[in-house]
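Starting off, we have a lone chain in the form predicted on its own, written out as structure tokens.
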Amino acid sequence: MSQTEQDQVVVSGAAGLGAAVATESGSELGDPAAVQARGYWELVWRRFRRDKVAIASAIFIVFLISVAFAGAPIAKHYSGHGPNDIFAASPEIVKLPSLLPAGPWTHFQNPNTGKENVMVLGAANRLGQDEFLRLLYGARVSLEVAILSTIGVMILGVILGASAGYFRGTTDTVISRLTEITMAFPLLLFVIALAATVGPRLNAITLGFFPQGVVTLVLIFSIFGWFYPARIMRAQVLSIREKEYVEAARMIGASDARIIRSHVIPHLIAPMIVYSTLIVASYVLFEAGLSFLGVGIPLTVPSWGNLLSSAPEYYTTRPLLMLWPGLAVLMTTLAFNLLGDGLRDAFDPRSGGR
């Protein structure tokens, strides 16, 4: 091959590379100001925003949180009654003699205020409580349990998992054995036994602003759910501690605390975020399941599980009472799972289809 042909091959290859760079950066060739270095988080955001399903899930979650914590008090104000108000004596709300709860858009005279109120989704049970308000306040309870439990689980899991993976030796052995014991513990039987013995006294612990039962479930989920993130973090840290930059930090005399803070924890942020979104969905289901069985949130407190537990009584006459809380649980868990999938793909540059 002559020198001229070699020069043409080099120019052609460079042109192809330049075209690829221009396509990726979305800028014109020959415009140096448009080609800028992008940081890690900017690249994550660029990959994440291409996933329309994950974006829609994030919007739905923000909307759900806004409705649960801001919309519920507003709905209570305009409804003229609360989620725990009982209207069993109102013939428009509880039909006689069948004792069926009223259907959607039922107008009635509020005996407490003398004003006309409306139940958007009808009554939830024979007590005449508002289904719509209990659904909104139930979203608050479910999100509080799920999010606070996730925070507690991740704190314990990251601390124990990172300690086991970094220090290894005796620390790793002790934490690994503790993890195996926790994994084998029959959580459901423990919750049932707890509810049958000291459950009412534990549910009375509200810290002044939580509904009854929330603190109890958060503590139980946190104590017995940390082993999954601990195992994930241990595996990550076992790989990170062997990296060259960690070895270099040790050689210059950096302490273990500084290495963990500066070189280990930053690399755990991505799996922590992804796993947190996925575990929230599981705790929404877990709270609904325990409340459905009668061992979770007390029946006097509105929650999606409690609504589902009373709805089967009317599955032939008022089937919508099963639809609303079931749909709420389904949409919430689906949104968190889809958001977790999108974040996983965004944090992993090797994922395909993005």
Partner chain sequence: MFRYLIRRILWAIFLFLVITFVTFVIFFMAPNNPARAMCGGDQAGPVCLKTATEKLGLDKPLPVQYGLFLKRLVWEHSLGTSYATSQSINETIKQAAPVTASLVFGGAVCWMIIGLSVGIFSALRPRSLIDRAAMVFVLIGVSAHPVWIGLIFSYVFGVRLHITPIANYANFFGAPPDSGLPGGPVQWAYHMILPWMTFAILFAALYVRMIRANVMETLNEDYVRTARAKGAPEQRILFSHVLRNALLPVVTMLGMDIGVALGGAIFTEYVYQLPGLGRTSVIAIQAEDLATLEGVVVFATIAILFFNLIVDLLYAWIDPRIRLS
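Residue numbers count along the first chain shown, from 1. The model shown is predicted, which means the values in this text are computed figures rather than measured ones. Only the largest set of C-alpha atoms that superpose within 1.5 Å between the two forms is called the rigid core.
Although not depicted, the form predicted together with its partner chain is the subject of the following passage.
Report the stretch among 180 to 188, 214 to 222, 101 to 109, 243 to 251 that approaches its partner chain in the predicted complex to within 4.5 Å, counting heavy atoms only. Comparing against its partner chain in the predicted complex, the contact stretch is 180 to 188.
Find out whether any non-hydrogen atom of Trp41 is located within 4.5 angstroms of its partner chain in the predicted complex, and reply yes or no. Heavy-atom contact with its partner chain at 4.5 Å: absent for Trp41.
Close approach of Phe48 to its partner chain in the predicted complex, 4.5 Å, heavy atom: Although its partner chain is absent here, Phe48 would stay clear of it in the predicted complex, with no heavy atoms inside 4.5 Å.
Would Thr316 show up as a contact with its partner chain in the predicted complex if we use heavy atoms at 4.5 Å? Although its partner chain is absent here, Thr316 would touch it in the predicted complex, with heavy atoms inside 4.5 Å.
Is Lys115 close enough to its partner chain in the predicted complex to count, meaning some heavy atom within 4.5 Å? No, Lys115 is distant from the partner.
Listed residue (Ala193, Ile205, Ala235, Ala88) with a non-hydrogen atom within 4.5 angstroms of its partner chain in the predicted complex: Checking each option against its partner chain in the predicted complex, the one that comes within 4.5 Å is Ala193.
Within 4.5 Å, heavy atoms only, which of Ser239, Thr197, Thr170, Ser255 is in contact with its partner chain in the predicted complex? The residue in contact is Thr197.
Is every one of Ile59, Val62 and Ser79 in contact with its partner chain in the predicted complex, taking contact as a heavy atom within 4.5 Å? So, no: the whole triplet misses its partner chain.
Comparing between this form and the one not shown on the rigid core, is the C-alpha shift at Pro186 2 Å or larger? The answer is yes; the displacement is at least 2 Å.
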